[in-house]
Every structure is written in C-alpha cells, then in structure tokens.
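For reference, the chain that follows is the form predicted alone, supplied as structure tokens.
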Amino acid sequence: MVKVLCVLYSGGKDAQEEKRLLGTIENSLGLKDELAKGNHTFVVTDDKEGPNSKMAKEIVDADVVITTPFHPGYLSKEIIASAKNLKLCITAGVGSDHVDLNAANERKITVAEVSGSNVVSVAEHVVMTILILVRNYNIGHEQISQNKNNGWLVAAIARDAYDLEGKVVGTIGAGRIGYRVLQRMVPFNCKELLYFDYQDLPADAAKQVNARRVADLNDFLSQCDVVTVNCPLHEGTRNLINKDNIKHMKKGAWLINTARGAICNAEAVKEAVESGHILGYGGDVWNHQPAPADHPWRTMYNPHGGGNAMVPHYSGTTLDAQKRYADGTREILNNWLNNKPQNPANLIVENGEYATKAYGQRKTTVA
C-alpha cells in the first residue's frame, strides 16, 4: 500500500457536468476507484502554493506525486527534501520542468510523463494562435462583442491584418510538436518554413515539409515573419528569447509560445509588443501558473490596441488529450506498482540519471 498525492485544478460545475474533464480534482484522472481497490491512500488537491498548502502538508509522507502542467505542483529542491518517502513523480501530460530534476536525481526519484499525449492538441493550438495574430482576429471580435454601439471600423482591423501565405514561418524546436506545426503550415503556401534546433531533422522528414534548418538563433529570428516556440524548458532554454535577441526579429513579426512561459522573458516581450517592434505575442503558457493578476502579459497591447493572443494554459488539455494523458498516467503508475519497466519514451529521470536529451544541463541550447 502506498500514498499517492495528486495535484490538479478545480473544475467545479463544469467537471461535475462533464466527466471527461479528467484533469480536475473532481474526476481525478479516473484513478480514485482503482487505487481504492488496492487499499492505497489517494489524496487529491488543488491547494499547492506555500508552506501551509495541502500539497506541502501531504507530500511529506507521499510515495507518488501526480500533477499536470496546467496547474502544476512545483516540486522544488526544498519540497523534495521534505518528501522523505517520495519515489515517483508523474506528469499527467508533457513537460516536467515543474520538478527540480537535479534534486530528483540526487534522491534517485523517477520522473515520468505521458510522452506524445499533447502533440496534436498543442500543434493545432499553435496554428490557431498564428492565425489569430496574423489576421488581427481579436480586434475584429472585440468590435462586435464589446463595442456594439460604435459601428464597424473595418480599417482599424485591416491595418494589422495579413495573409499567412507568402510569410516565413519558423519553429524553435522541431521535435514532436514543432514538426507537426511545420506539417500544418505546408497547405498555407508559406514563402519558407524554417527551424532552429540542435540537430537536423531526418532527411526524409525535412523533405516532406520542405523545411530548412538555421543554426544560429539570431539569424533564424531575423528571417522569420512568424516565430513559434516548441522546445522544452531547461537550463539552456530559460530566457532563450530575451531583450537582446528580440532586436533581431523583423519589425512587425509575430511570436507564439505554447512551450513554457519562462522560455520567453516576460518583460522583454511586453516591451517589444508595446513598442510595436513585434506586432503580437500569443500562447497559453506562463512562467508561473496560474498567472498572477499583475503578470505583464495580461495587459500588453501593440500601439494599435491589438497583438495579445494569450489564454490560460489549456492547449494540451483538450478532452481528447485528457483521455490520452489519464490513460498514460494510469499505465505509468501501474507499471511502478507492479515493478514493471516503464516505456522509455515516458522517462525523464531514472536511477539518478537523465533518461532523455530534452532536459538537464547540456551544451546545446535547444532540444
């Protein structure tokens, strides 16, 4: 018998009405009944901030911690030190940067996530966000929903509305998600598709999307009309997009980030949008989640009042994705309970070592 602590978000009325919202405390990844049959202790909470939170109190004797990237339980070195029994951390989804992975390695705690569970969902969200920004959708929607008495000001929308066809689109990171974004860009007849990564795509994959690798980040940024960030967060990618290299972006370019908020420096992005150097920024990831009320991305707009396509972190938690990551979480947990080996693709750290190239201190800057 073990103790499993599960940190999820509150779904309230929505989760009560829609049982497929598996990532909520109400529906708890569908694990409650299964763990009860094994007489395991199962604690579910959305209270995760600070030393007096339920997470902080319950983790001290937990064997397993499960959390999502959408309402992450941040497992700092200090929190891990307080969890004397902790042996397994599962990310119900993709992205385990909320765990201090070096501290987990020191304790030989296994960290695993549900690889691939979000790739289609996030890639589709990237495409949606690109179109929202490039077509200046939000300004048009606000005219008819918030300014109903002011008539139609088509020119106020069209002055910052463009076609995606003929533009240069580039992805930082061309892994599972980044490559799918490139695939989805092909029908838009872009001028060119670029990628910045520490290695080349396989020749056949690059040929399928007709994408060209640019090895230098500043050179890459200078060529793109649209930049989308699709790489993991680790020591080498934190603040990867910053005040110094934003200067290399084309004036009027757009920046999209559905990877991790801390990859883009919040203040630098806000300054670039408000000055008009970049026409817009969009995505769903924030450097702390939920985002505080005074986060600079909540209130940034370009000089014409547009350019903000931020939403809460939900791109990888569609109902389809929730089924995938709930099933994957159950598989990881059952493998561990029954001493079965894990799917190598799901392992982040194991036995004190990094099991993936996507995380950890490395010389390269992008995974």
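A residue's number is simply how far along the shown sequence it sits, counting from 1. Treat the numbers as computed from the prediction; the structure is a model and nothing was measured.
This protein has a second form, the form predicted together with nicotinamide-adenine-dinucleotide, left out of what is shown; the following refers to that one.
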message: residue 140 versus nicotinamide-adenine-dinucleotide, in the predicted bound form: is there a non-hydrogen atom within 4.5 Å?
response: no
query: Taking the shortest heavy atom distance, is residue 189 within 4.5 Å of nicotinamide-adenine-dinucleotide in the predicted bound form?
result: no
- prompt: Applying a 4.5 Å heavy atom distance criterion, does residue 119 contact nicotinamide-adenine-dinucleotide in the predicted bound form?
  reply: yes
- prompt: Taking 4.5 angstroms as the cut-off for heavy atoms, does residue 25 touch nicotinamide-adenine-dinucleotide in the predicted bound form?
  reply: no
- prompt: Among 234, 270, 167, 71, which has any heavy atom within 4.5 Å of nicotinamide-adenine-dinucleotide in the predicted bound form?
  reply: 234
message: To verify the annotation, which of these, 176, 77, 250, 184, has a non-hydrogen atom within 4.5 Å of nicotinamide-adenine-dinucleotide in the predicted bound form?
response: 176
- prompt: Can you say which of 155 to 163, 290 to 298, 93 to 101, 129 to 137 gets within 4.5 Å of nicotinamide-adenine-dinucleotide in the predicted bound form, counting heavy atoms only?
  reply: 93 to 101
- line: Checked 310 to 333 against nicotinamide-adenine-dinucleotide in the predicted bound form; residues with a heavy atom within 4.5 Å, sequence order, are 313, 315, 316
